[in-house]
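Take a look at this single chain in structure tokens; it is the form predicted alone.
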């Protein structure tokens, strides 16, 4: 008697690299003034030169994305945002800072580990078509419906690519904060049906779209990677826009009822040389 055979898809090769998208690391450092004072002029010059090279996003072997900023407030002095498909390449930057002449001077004060993702709430072309019919009352034989659907279908791959492998804006202000969706008995996000969650996130996205051209946003996923579920990175054309978008979006149900926020880090983009000059290192 022949036994039935079962075919299984081959398992992927073991790897620390993501199949699609990038790992992301936010790093924050404080300057230890006592350690800085102990460096000789030659040691300081050596440390500066090494760090400027290490944080150069254009150097050979650099991670896919590397951005430097100086942080406002006492929580940190220097901020780094690093992204790549290889988490060990990202961590290599952290280890090289630790092992450098400035390793005792730059003391880690906060870090956040996450990965890029395409949110489950981003509509497919089919879901977008359903939404046009439901919310806007459009008919499938309406030329305007077809035009909107085709335009969305053309934009979607580019938008998803930007979510997975984002370009960093060169705008001067950046803000980072972690967040969760709460599990309060009277407001448990994870007990809501998908349709309800999707509608709330659609409202949330509509609020954010109003800031196009003034604020760029990247949401990275940290469930299983860090103590919070998502990391939010904002880049602003000016400081006011950061405050305005965070305030505005807090009135959306997804935030007002279901969100909790971690510490906020506001910082200002600088080249490595400019950052070290600003920190008087």
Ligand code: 76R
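Just so you know, these numbers come straight off a predicted model, no measurement behind them. Residue numbers count along the first chain shown, from 1.
As for the form predicted together with this ligand, it is not shown, yet the points below apply to it.
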Would you mind picking the one in 169, 108, 103, 208 that has a heavy atom within 4.5 Å of this ligand in the predicted bound form?
208
Pick from 31, 249, 39, 27: which has a non-hydrogen atom within 4.5 Å of this ligand in the predicted bound form?
249
Run the contact test on 75, 235 and 268 with a 4.5 Å heavy atom cut-off to this ligand in the predicted bound form and return yes or no.
no
This ligand in the predicted bound form: contacting segment from 141-149, 108-116, 173-181, 91-99, heavy atom within 4.5 Å:
173-181
So in the predicted bound form, is this ligand close enough to residue 70 to count as touching (4.5 Å, heavy atoms)?
no
This ligand contact at residue 164 in the predicted bound form, heavy atom, 4.5 Å
no
Flag residue 128 as yes or no: does it have a non-hydrogen atom within 4.5 angstroms of any non-hydrogen atom of this ligand in the predicted bound form?
no
Does at least one non-hydrogen atom of residue 245 fall within 4.5 angstroms of this ligand in the predicted bound form?
yes
Which residues within 13-43 place at least one heavy atom within 4.5 Å of this ligand in the predicted bound form?
none
